[in-house]
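So this first bit is one chain, no partners, the form predicted alone, shown in structure tokens.
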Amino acid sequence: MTPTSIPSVHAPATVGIVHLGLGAFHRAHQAVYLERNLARHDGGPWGIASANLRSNRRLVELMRERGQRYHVAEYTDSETLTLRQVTAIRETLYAGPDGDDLEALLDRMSEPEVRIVTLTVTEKGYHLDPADGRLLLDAEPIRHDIAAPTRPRSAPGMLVEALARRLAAGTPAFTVLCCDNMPDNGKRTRRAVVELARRRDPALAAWIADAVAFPSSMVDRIVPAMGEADFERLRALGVDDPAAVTCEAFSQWVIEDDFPQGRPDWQHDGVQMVADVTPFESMKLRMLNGSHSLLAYLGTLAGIETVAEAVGRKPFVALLRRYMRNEAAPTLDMPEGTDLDAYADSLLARFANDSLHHRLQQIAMDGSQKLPQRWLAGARARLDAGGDIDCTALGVAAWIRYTAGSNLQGVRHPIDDPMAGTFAALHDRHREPEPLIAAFLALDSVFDQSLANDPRFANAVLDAYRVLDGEGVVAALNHPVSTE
């Protein structure tokens, strides 16, 4: 393979954006768009300061050792690769649990030159109830931030403290741009920040509600976790970069255009600036992310490790086509000219990219936070319209079985979810399908109870679970569920 190489931008750039969540997705997505922008302008005011909020000091150290430069390997397929060196991130900070850079981060967020703060902290990083969106006041980081607001641990707490400092200094508010996979992610982020600020100072909360813009956005790029095999592939091409990331060539970013203090002209860098993100957001969550979750839970139960391996099997492809076209697409209200059949076909082609080694276990994590927006809202809409939900019901059944911590061959797997302890207790307490399904559907932090108590939904999940647990994945894929 001879990769196409794109050199980095070396022109000076001042920091105008602070990003919370220095992970692989941010480095392969938002930072790449800003790299293009800086290249067009030969530098400029939109460099990024990125902070890691998790327990991974080493990533920050690697970025600093390399002068904040790293590579992004973009695979169209196993034979077509673009190597891009990125320097848009001009500063990295470690504000994790044992971090030293919290004060430096808050100082940076308080600077007048910083006009945008972006976030990729995953759904659970906002500490919102996935079912109704309320701030989880009992979550340990939120309790801490209420008690010690000037030393925040949560992303909402950091936003509140930085905004409080700007208010005290008379500095205009920055815009908060959520880049995580949540419906109405701007509105949800706003709710978390305003509710937390209200516990500190009602006047501060009122100022934030009035002065801070929280535009919504939709982000799309498949960025698997890096493994040693990925680093080896890059070393074979002469790239020895421990901070590198691998991703697909496809990338999309749709942003609500609401930036009172200004923004990059990134509409010239491939970003879609729109008045309303909601249709694109719902399309991606239900069709792409919903399909990914189906593969994650059913594929793992079948002993499959990667997305490409799963879509290499006809029953899984048939399931995804049925789900996207019969259950997800009918719930979407898209702009005129949107071809959802073509979108479904494009997703299947992207999933089949075997150069990515996208592990199902990576997708499976935090299911309790993801199910409401990926499946459950659509299921409610389908039932209200008198439609089928057999694929969604099978997915929910597979998720419940997955949370037992082993696949159908008895091979153990970890459960990475904020509610993992609750799931383990339910599986220990309920050994038969009917009480187990009833106990899971009673979790109102996951399931809207109007849906959970709908016999069409509950019976469909129970029927799918019985077939899945008793006869296996292939039988479940071919078994029509009952919604009577």
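Here the structure is a predicted model, which is why all the values come from computation and not from measurement. Quick note: we count residues from 1 along the sequence shown, nothing fancier.
What follows is about the form predicted together with D-mannonic acid (CS2), which we do not show.
The stretch that touches D-mannonic acid (CS2) in the predicted complex, counting heavy atoms within 4.5 Å, is 367-375, out of 192-200, 267-275, 382-390, 367-375. Though the partner is left out of this view, residue 221 does reach within 4.5 Å of D-mannonic acid (CS2) in the predicted complex, counting heavy atoms only. When D-mannonic acid (CS2) is considered in the predicted complex, residue 284 lines it closely, a heavy atom lying within 4.5 Å. Within 4.5 Å of some heavy atom of D-mannonic acid (CS2) in the predicted complex lies at least one heavy atom of residue 292. Contact annotation for residue 127: none of its heavy atoms lies within 4.5 Å of D-mannonic acid (CS2) in the predicted complex. Interface residue among 363, 102, 212, 329, judged by heavy atoms within 4.5 Å of D-mannonic acid (CS2) in the predicted complex: 363. Only one of 181, 110, 407, 355 lies close to D-mannonic acid (CS2) in the predicted complex, with a heavy atom inside 4.5 Å, and it is 181.
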